[in-house]
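Heads up, the chain below is alone and in the form predicted alone; it's given as structure tokens.
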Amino acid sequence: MEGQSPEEERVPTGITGFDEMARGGFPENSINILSGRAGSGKTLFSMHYVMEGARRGENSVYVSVDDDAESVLRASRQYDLGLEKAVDKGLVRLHDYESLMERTGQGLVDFDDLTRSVDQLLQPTEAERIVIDSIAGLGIAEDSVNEMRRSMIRFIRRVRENDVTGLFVSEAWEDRETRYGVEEYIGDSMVVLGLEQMKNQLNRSINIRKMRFTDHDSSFRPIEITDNGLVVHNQGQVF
């Protein structure tokens, strides 16, 4: 794979170790899929991502499909990230499923509903980053995987038109890395958080499964959840 061109801009996540793996972060204006099983650290990764934007003075939109806004803030208080302060300052606009239903006027929000409202979410804030946590719940109303894929593609196209760098959270499902089995083909990059129980402890790992058109470290690295959030260790390091 060819290395990144010198002029290619990166959007760092602020996660110690991961940005090194990604050669500085996600490519600017890319759509990135983050997947893993429950408890693997997906929401925490997403919090780091928007908080690094806030630290740099960038606006972000965080759409929580799975949890209400207060639950997200309550979870963030376990770590020294400052998400609540960033929300209060307007650097992070936090929307949950209920607020999306009110905005769209729908009883069940899907990809097409979000496509119609994404401009209203992003443009007033001049957001440079967007998180959807998670996209798994947006495909429930679809009649087939093919229709869901078409709806997801339409949504991604609309997000790209807003010149933001997106992080879309999926989930491992049965024997697949993602909920619907198509997310990894639609996104520009695919990051997988691993979680395995070994004896009396949980071992966490991270792997950049793909990152289009650019160099990256594709090794598996151990990760740790600390009081300050996620830390990615060097390959093979024991903690």
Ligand SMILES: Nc1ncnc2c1ncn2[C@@H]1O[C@H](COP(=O)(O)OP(=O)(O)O)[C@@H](O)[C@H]1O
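In case it trips you up, residue 1 is the first one in the sequence shown, and so on. Here the structure is a predicted model, which means the values were calculated and not measured.
Not on display, but discussed next: the form predicted together with the ligand.
Peer 1: With the cut-off set at 4.5 Å between non-hydrogen atoms, does R179 touch the ligand in the model of the complex?
Peer 2: So R179 does not count as contacting the ligand.
Peer 1: Though only this chain appears here, would G39 touch the ligand in the model of the complex if you measure heavy atom gaps against 4.5 Å?
Peer 2: It does: once the ligand is placed as it appears in the model of the complex, G39 has a heavy atom within 4.5 Å of it.
Peer 1: Can Y79 be called a contact residue for the ligand in the model of the complex at 4.5 Å between heavy atoms?
Peer 2: Although the ligand is absent here, Y79 would touch it in the model of the complex, with heavy atoms inside 4.5 Å.
Peer 1: Quick check on I225: any heavy atom within 4.5 Å of the ligand in the model of the complex?
Peer 2: Taking the distances in the model of the complex, the answer for I225 is yes, it comes within 4.5 Å of the ligand.
Peer 1: At 4.5 Å between heavy atoms, only one of the stretches 24-32, 208-216, 184-192, 43-51 reaches the ligand in the model of the complex; which one is it?
Peer 2: Flagged stretch: 43-51.
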